[in-house]
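Next up is one chain by itself, shown in structure tokens, the form predicted on its own.
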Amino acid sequence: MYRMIGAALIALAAALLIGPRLIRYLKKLHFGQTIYELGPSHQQKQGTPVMGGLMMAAGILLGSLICHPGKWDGIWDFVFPLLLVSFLSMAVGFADDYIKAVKKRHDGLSPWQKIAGQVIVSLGFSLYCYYSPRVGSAIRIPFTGAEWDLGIFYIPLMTLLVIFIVNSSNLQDGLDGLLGTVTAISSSAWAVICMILVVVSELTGRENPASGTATIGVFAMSMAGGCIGFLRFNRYPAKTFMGDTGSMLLGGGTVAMAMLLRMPLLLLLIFFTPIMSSVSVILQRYYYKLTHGKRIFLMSPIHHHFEKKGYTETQIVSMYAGITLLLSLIAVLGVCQSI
């Protein structure tokens, strides 16, 4: 537990210390956000520095490595896949941001380039989990003690899951402080789950559902601390945006924790609002095609629908934070029930 708290504090301090210097440097390079008139008016945000997610990355890296619990365990040590999935996902987002900011191509990477990068990362991680003696092809069923062995289908299903969650995280990043707030809460929930599993294992002498749970807990708190530090500069009105660099970093880290704990189904609760961002886009697109121009939402992702309805950015962030907190508590209670 002390290592988890230490990891959060280190990540928080790193983000707070790096943040002002990073923002000045991004401004100097003219790495600013370009706002297009496609939805709610955000013209006042024109030129706000992007790639602010790099300060979170620094915090997550330092917190995870400095507070790593126990002995290092080679390639099966969970800190390596956690960091690799997060940072390789971030690399795809960074390339997208760089092309937008430097090359002035507002579309960034082409859809196929982005998907190709994500497939490589997600497939590699799914194979790692499948062959890992600490994970395997079985996933835990929430609120029960049962497991579901997916067999060889684990690889394609989890590959699609990683891509979906990373892109859902990216879609959620549309308002000041939104994704950072949601991820700070959801990461804390994963840390609480890890702490419960570790305590129960120590008290009962039973093996953890995934060896290395404490390592995941430290990573989770590093992510929470990094997000909180980032919110110092990203809360409304934002001084910087995390960009695809940060959103894909957070999405990759989140899905990696869920898979290593063998609890990907809990993402439906703990990461509900980013998932609904993707669902709203899918529903909107197919409904528009089927009805030849009609829409379910005023705009998708759904947080922009709430903007169109007259909610302020801070009101939407507060609403999403409350939903995430409530559903995360339900997820934690579900894990307690299933132990």
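A residue's number is simply how far along the shown sequence it sits, counting from 1. Remember, predicted model here, so these are calculated numbers, not experimental data.
Beyond the structure shown, there is the form predicted together with a further copy of the same chain, which is absent from this document and is the topic of what follows.
- Checking 163-171, 95-103, 190-198, 121-129 against a further copy of the same chain in the predicted complex, the stretch whose residues place heavy atoms within 4.5 Å of it is 190-198.
- Residue Tyr311 is the only one of Tyr287, Phe297, Phe272, Tyr311 with a heavy atom lying within 4.5 Å of a further copy of the same chain in the predicted complex.
- Proximity to a further copy of the same chain in the predicted complex, taken as a non-hydrogen atom within 4.5 angstroms, holds for one residue of Leu178, Leu267, Met259, Ile228, which is Ile228.
- At a distance threshold of 4.5 angstroms between non-hydrogen atoms, Arg134 is out of contact with a further copy of the same chain in the predicted complex.
- Using a 4.5 Å cutoff between non-hydrogen atoms, Phe143 counts as a contact of a further copy of the same chain in the predicted complex.
- With a 4.5 Å cutoff on heavy atoms, Leu17 does not count as touching a further copy of the same chain in the predicted complex; it lies far away.
- Residue contact check for Ile139: none of its heavy atoms lie within 4.5 Å of a further copy of the same chain in the predicted complex.
- Looking at 320-338, the residues that come within 4.5 Å of a further copy of the same chain in the predicted complex, counting any heavy atom, are Gly322, Leu325, Leu326, Leu329, Ile330, Val332, Leu333, Cys336, Gln337.
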